[in-house]
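We begin with a single chain expressed as structure tokens, specifically the form predicted alone.
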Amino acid sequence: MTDTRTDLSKSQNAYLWLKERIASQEFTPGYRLVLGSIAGELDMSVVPVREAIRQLEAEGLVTFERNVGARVSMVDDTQYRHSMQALSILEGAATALAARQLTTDDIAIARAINGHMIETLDHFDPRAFTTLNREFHAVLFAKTANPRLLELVESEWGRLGNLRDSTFSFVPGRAQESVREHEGILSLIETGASLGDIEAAARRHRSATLDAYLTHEHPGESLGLLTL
């Protein structure tokens, strides 16, 4: 029997169990999700498992196919672009809304994470860099006062984790630019820049990564519409 949280419903426990395995790539794109097997693993009926899978489907992490059932969603460039577009807007807003709540300790933590990211550049590991990147941004937007916005940001992060193991695997040169932009965002927050400027910088940062990917994968194609 798998450990579960007693403060959550069975469907919520099933949802978290499945999402963790999708995010860790234990359940890779195309992996078939057999309700009976999952229910047996979690020691519950198929009803809460089905509810959990429906929720993951709504997030784009799972798809249903006729005569096949539920599978972990396949990598899709269009979905990736859409998620990055959405995240540039959502994360930019969340970062701006959280900016005035960040303490000097929060800034120090974020800067330390960025320092670790810089250290990895000499022996670049895209997955490790992506993990640190997520930790960096989480510090900046975690204190947003809008819980729904925070939920949406985290949902898109989860979706991206399923669609792309690491964008930086495709465009490693983007990593050096990324850490410089991180410092720029931190400086804006430290100096009390307008929330509009902070949001614009965070949005430009996210869209620049997407543009770098598109230029690499599809030369001549870009998303200039996202550049503010």
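Here, rigid core means the biggest group of C-alpha atoms that superpose within 1.5 Å across both forms. Note that the structure is a prediction, hence the values are computed from the model and not measured. Quick note: we count residues from 1 along the sequence shown, nothing fancier.
Note that the form predicted together with the DNA isn't included here; everything after this is about it.
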{"property": "Position in contact with the DNA when the complex is considered in the predicted bound form, options Val179, Leu35, Leu195, Leu188, heavy atoms within 4.5 Å", "result": "Leu35"}
{"property": "Stretch from 196 to 204, 22 to 30, 58 to 66, 180 to 188 whose residues place a heavy atom within 4.5 Å of the DNA in the predicted bound form", "result": "58 to 66"}
{"property": "4.5 angstroms heavy atom contact with the DNA in the predicted bound form for Thr209", "result": "no"}
{"property": "Exercise: Val171 in contact with the DNA in the predicted bound form, heavy atom 4.5 Å", "result": "no"}
{"property": "Any non-hydrogen atom of Ser9 within 4.5 angstroms of the DNA in the predicted bound form", "result": "yes"}
{"property": "Met44, heavy atom within 4.5 angstroms of the DNA in the predicted bound form", "result": "yes"}
{"property": "Sequence-ordered list of residues in 180 to 196 near the DNA in the predicted bound form, where near means a heavy atom within 4.5 Å", "result": "none"}
{"property": "C-alpha of Thr209 off by 2 Å or more between this form and the one not shown on rigid core", "result": "no"}
